[in-house]
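Only one chain is shown below, in structure tokens, and it's the form predicted on its own.
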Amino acid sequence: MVYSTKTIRNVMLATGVALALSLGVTQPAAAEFPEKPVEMTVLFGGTAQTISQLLADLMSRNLPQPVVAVSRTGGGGAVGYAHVQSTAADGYNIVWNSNSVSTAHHKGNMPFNYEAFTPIARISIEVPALSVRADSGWSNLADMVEAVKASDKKLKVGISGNGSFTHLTSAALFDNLGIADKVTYVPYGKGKAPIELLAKRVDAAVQWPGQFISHQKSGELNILCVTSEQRIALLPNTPSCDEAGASGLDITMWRGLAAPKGTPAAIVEKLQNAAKAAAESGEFQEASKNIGFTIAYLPAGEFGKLIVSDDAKISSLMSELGLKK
């Protein structure tokens, strides 16, 4: 019997499909992602942890498996970055990253830099604020600077950790004000900025505004300025540090998501899309107003370019301040 070309082709196609089905190969592996929970490493407590938990929950709604936020703090972010960097580049371990990827590296806390990660998306921007106790008698930045210069004691400033972003921001601020030599830095450990201030273990702290606002409203703390060039919506009556006397100061923190270097583009895209949907949700927008951050979504490509540019600026600033190793 002679078979036509069309018949032979159909038999071969049917055989191929049957073989693929018998082997369980029905579609590319990336199309199945994720087949198990995705772990999001969180580097810091406070605002970073609050936002990450909400982001993880919202991303979970747009993926077939949940995203789980796991706290891995220490070393100005180095502990968490080291964990994620050591995992497989398969999308199941991601990090809620920030400018800290540069500060931790240039401080000498970790041997690798941002190049060890694949950007997924930038999510938000936060602006640090300088706060002091209300009973300090300092109602503005000029009051504090004048008092510090006149005192024979050093100003104790609380920071998240040596080499952390709040350390860099604080050092840049007090250098700008001409009192860098009269400041000593005190890492919080497990404490939070308001707790350390109210317990009088530190005299001032540079942290996220959300940690200070309720205490300012209760009359316990004064927020003297924010470190961005412009005022922020959350504190419309609080001057920027530039306005208050730290001329030219403009320091903000971005937060986003990254995966180990080499994570497949298809997987990055799935995570990016889930993050975008979360950032654009009404719940995330409402949280931004309550917690005090600005939603600033950027896709992977643009986010990657920002990280490269930002790393160069941080490296230069840390060198000028004597913080780079």
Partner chain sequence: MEILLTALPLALDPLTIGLVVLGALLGIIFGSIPGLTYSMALVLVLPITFKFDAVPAIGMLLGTYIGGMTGGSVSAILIGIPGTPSAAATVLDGYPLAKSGRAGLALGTAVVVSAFGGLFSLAVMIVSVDLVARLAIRFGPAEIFALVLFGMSTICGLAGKSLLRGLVAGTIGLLLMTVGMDELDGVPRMTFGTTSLLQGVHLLVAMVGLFAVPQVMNMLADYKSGGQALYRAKAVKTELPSFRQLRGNLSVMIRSALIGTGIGSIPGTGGPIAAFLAYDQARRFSPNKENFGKGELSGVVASETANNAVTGGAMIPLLSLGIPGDPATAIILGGLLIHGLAPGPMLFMENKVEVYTIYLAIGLAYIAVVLIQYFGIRLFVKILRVPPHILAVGILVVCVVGTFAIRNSFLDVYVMTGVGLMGYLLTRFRIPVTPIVLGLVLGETMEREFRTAMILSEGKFDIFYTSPMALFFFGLVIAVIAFQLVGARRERAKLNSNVQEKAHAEN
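None of the values given here were measured: they were computed from a predicted structure. In this text, rigid core is short for the largest set of C-alphas that superpose within 1.5 Å between two forms. Numbering follows the first chain given and starts at 1.
Only in words, not in the display: the form predicted together with the partner chain, which the text now covers.
The closest non-hydrogen atom of Gly75 lies within 4.5 Å of the partner chain in the predicted bound form.
Contact check for Thr184: a heavy atom falls within 4.5 Å of the partner chain in the predicted bound form. Val202 belongs to the set of residues with a heavy atom inside 4.5 Å of the partner chain in the predicted bound form.
Among residues of the shown chain, Glu196 is one whose heavy atoms approach the partner chain to within 4.5 Å in the predicted bound form. Heavy atoms of no residue among Arg122, Phe165 and Thr263 are located within 4.5 Å of the partner chain in the predicted bound form. The single contact residue among Leu298, Leu54, Val268, Ala274, judged by any heavy atom lying within 4.5 Å of the partner chain in the predicted bound form, is Leu54.
Here the chain stands alone, but in the predicted bound form its contact with the partner chain, taken as any heavy atom within 4.5 Å, falls in 101-109 among 125-133, 171-179, 101-109, 243-251. If you take 293-325 and check each residue for a heavy atom within 4.5 Å of the partner chain in the predicted bound form, you get just Lys325. Once the cores line up, the CA of Ala89 ends up less than 2 angstroms apart between this form and the one not shown. After superposition on the rigid core, the Cα of Gly161 moves by 2 Å or more between this form and the one not shown.
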